[in-house]
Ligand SMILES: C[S@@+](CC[C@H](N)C(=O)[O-])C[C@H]1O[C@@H](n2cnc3c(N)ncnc32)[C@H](O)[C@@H]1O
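Shown next as structure tokens: one chain only, the form predicted alone.
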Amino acid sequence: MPHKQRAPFLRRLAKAIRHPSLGWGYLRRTLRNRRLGTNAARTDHIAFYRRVMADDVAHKTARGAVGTPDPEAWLELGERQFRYLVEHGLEPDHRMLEIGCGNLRAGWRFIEYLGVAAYTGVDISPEILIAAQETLAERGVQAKRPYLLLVDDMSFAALPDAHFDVVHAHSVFSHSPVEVVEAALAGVRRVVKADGFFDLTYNESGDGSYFGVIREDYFYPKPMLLDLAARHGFSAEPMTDWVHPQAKLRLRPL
């Protein structure tokens, strides 16, 4: 059954009126995205968002493009993701897939913690993966031989079945429409082990509706994600002790 987005423009307008400083940001991003969203990118969200990332890298930095331009904030959020996962089940002998690994804000810590060749990071942005390689060198974890893969969909076709103990996606679903989320759930269900788990964060909508803003930010009611998870063969548990503006779910194969 298709999922309808409810009045995203009116939501954006109301928010801009309540917070005038956001209005210029919405206008700038809207104009930028109209410039970027041409040809196939109008219908292919991943192609569109790859253009967004390339534009952000060109006009900011790789760290700014993934939302954390401040070096201390970059380190702090990466540490928070790492510590949470270690305290909630990640073991040194696990094999891990990180979706949307970015410039390895958290990834370099996972790489350092896990065994050799145990970490796989995938991203849709070649520019960000170049920055990820720079992070590997900066942090001195090259000997762990992580796999960094460029992908153009969420099928993860190059990865083996039932291979990963842990799959992690921080701030990926928050930028993904429902069709991308469903593709990711199907892809993860194939590559995660039967006794593994998948942690993801998302923007939780306050009124129970699903909607997107400027094709960049998407908001989901929790029941909708729980239903999608069940339809793709997962049980889902809200991780209520995760402290972050985004909510977190843990999915386990049924």
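The first residue of the shown sequence is 1; numbering continues from there. Note that the structure is a prediction, hence the values are computed from the model and not measured.
The following text describes the form predicted together with the named molecule, which does not appear among the structures shown.
By the criterion of a heavy atom within 4.5 Å, C101 is counted among the residues contacting the named molecule in the predicted bound form. By the criterion of a heavy atom within 4.5 Å, V178 is excluded from the residues contacting the named molecule in the predicted bound form. For I46, a non-hydrogen atom is located within 4.5 Å of the named molecule in the predicted bound form, even though that partner is not displayed. Within this chain, L228 is remote from the site of the named molecule in the predicted bound form, having no heavy atom within 4.5 Å. Listed residues A132, M154, L85, M96 were compared with the named molecule in the predicted bound form; M154 is the one with a heavy atom within 4.5 Å. Only one of A186, I214, M53, M224 comes within 4.5 Å of the named molecule in the predicted bound form through a heavy atom, and that residue is M53. Per the 4.5 Å heavy atom criterion, the named molecule in the predicted bound form is contacted by stretch 119-127, the sole one of 137-145, 119-127, 158-166, 88-96.
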